[in-house]
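One chain comes next, on its own, written out as structure tokens in the form predicted on its own.
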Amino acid sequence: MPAEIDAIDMKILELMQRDASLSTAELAERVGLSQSPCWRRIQRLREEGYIKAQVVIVDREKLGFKMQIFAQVKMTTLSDEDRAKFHKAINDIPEILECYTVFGEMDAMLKILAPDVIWYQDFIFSTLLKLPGVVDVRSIVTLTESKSTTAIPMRARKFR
């Protein structure tokens, strides 16, 4: 961890991860600073890239997305150009929330929201299987969400 991040910076980040709507005055009070030094720290954390964005987390179910699916995608060998087309296409599909390249039998894993299974079936055939290089899709449909967080730990735990 960079030396310039101290305990106060970490406390500011922890608090902002839990509630980004806290005012600078509220944050300052909770970390034991006056408002101006707290504001300067927040600005520095933004400028240095520790704070990437401040967002609102929306309830997907209230918007009709009852299903969350992890789709594992098998791909043919792609040229650099086709790989770039695949990633651009993924970024242009709003129902795909996350995409990771992975080791193993499959090549990528996508986190997808869907209103229902019929919609998802249509999505597979009309969208996923038409992405550059995609030859197979294996889906894992979630039943219950027991943990969901966007909060990043401030440091790795030690096991030894």
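Counting begins at 1, following the sequence as shown. None of these values were measured; they are calculated from a predicted model.
Just so you know, the form predicted in complex with the DNA exists too; it's not on screen, but the next bit is about it.
S.K.: Run the contact test on F86, I90 and T101 with a 4.5 Å heavy atom cut-off to the DNA in the predicted complex and return yes or no.
M.R.: Contact check failed for every one of F86, I90 and T101.
S.K.: Report the stretch among 29-37, 112-120, 127-135, 92-100 that approaches the DNA in the predicted complex to within 4.5 Å, counting heavy atoms only.
M.R.: After filtering at 4.5 Å, what remains is 29-37.
S.K.: S23 versus the DNA, in the predicted complex: is there a non-hydrogen atom within 4.5 Å?
M.R.: Yes - in the predicted complex, heavy atoms of S23 and the DNA come within 4.5 Å of each other.
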